[in-house]
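Before any questions on binding or motion, here is one chain by itself as structure tokens, the form predicted alone.
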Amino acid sequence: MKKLVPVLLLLVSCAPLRPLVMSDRVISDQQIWQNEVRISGVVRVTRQGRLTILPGTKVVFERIDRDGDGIGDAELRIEGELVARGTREQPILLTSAAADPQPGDWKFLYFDYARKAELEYLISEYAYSGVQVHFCRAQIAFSEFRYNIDGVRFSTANIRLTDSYLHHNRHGIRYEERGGKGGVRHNRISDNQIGIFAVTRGVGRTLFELNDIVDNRPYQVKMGLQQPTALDFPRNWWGDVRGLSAETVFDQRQDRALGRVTGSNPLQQPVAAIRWMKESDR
């Protein structure tokens, strides 16, 4: 009988880890997520709570639509702290559980008056918003937002978005400045329907510079219906040495009530953004 013990221990150690399954849940303490987490409702981290997501973790959102609006209702909402730092070799993945995933399968990773919001080497896909940031500070770096309705969305926030890749979303970045400020630098924003959507109350306190903003169709930049103030997006690469083309902008030239979009001092070559990604992955 003693000879069987090592074999049994080996079988136990090789058994696959079961995912952590969460429906509607409130987190008010300190928790650490790793391996696989499946969410089928609203998980909220309160002001007193802290959530750490370890490298290589996969967070899977079930497709549920409680209100019948066609958008998935599973979400991760942060009012306290979230630190989600993957690595280049082991990024953190937020994704849909659907066999045939589509944009809007789940709602969002949402920061609302959060005490801490730090994301690195995170991939967010098939959401209504890959991430939303409101009324707080957020640092996002070395991350990828793809196949969402909004890649990154923010309002009244102090945001630092750097070294990231936003592609194949309806809107790469959608924002309402509303007195917020920040910097969006060294990102590649490409192959979205709209690269940057300035919805309202922008006065240029959020600086978009040193980005590759290319191949967004029909618009590289679009002004919202309540954006009467002109906005400049300086020192970016627009995919052409001539700079930002008027044909790729929706602004005062299409609607006189809107402000005008400019791209002053355009770069004459790409900035080689997202250097951390392999060329084959872009």
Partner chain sequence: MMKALWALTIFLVLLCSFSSSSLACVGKTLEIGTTGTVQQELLANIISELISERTGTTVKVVPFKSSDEAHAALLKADIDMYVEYTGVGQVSILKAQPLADAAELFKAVKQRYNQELNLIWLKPFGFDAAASLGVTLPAEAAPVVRKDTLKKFPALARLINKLGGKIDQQTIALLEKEATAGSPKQVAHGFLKNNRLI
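The structure presented is a predicted model; accordingly, all values stated were derived computationally and were not measured. Positions refer to the first chain, counted from 1.
From this point on, the text means the form predicted together with the partner chain, which you will not see here.
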Quick one: in the predicted bound form, does every one of 128, 201 and 222 get a heavy atom within 4.5 Å of the partner chain?
-> yes
Selected contact from 31, 35, 245, 226, since only one has a non-hydrogen atom within 4.5 angstroms of the partner chain in the predicted bound form = 226
Among 22, 258, 267, 274, just one has a heavy atom within 4.5 Å of the partner chain in the predicted bound form, namely 258
Non-hydrogen atom contact residue 147 with the partner chain in the predicted bound form at 4.5 angstroms | no
Find out whether any non-hydrogen atom of residue 153 is located within 4.5 angstroms of the partner chain in the predicted bound form, and reply yes or no.
-> yes
Residue 165 within 4.5 Å of the partner chain in the predicted bound form, heavy atoms | no
Indicate whether the partner chain has at least one heavy atom within 4.5 Å of a heavy atom of residue 111 in the predicted bound form.
-> no
Mind telling me which stretch in 183-191, 116-124, 131-139, 85-93 gets its heavy atoms within 4.5 Å of the partner chain in the predicted bound form?
-> 131-139
Residues of 175-207 having any heavy atom within 4.5 Å of the partner chain in the predicted bound form, listed in sequence order | 176, 178, 197, 199, 201
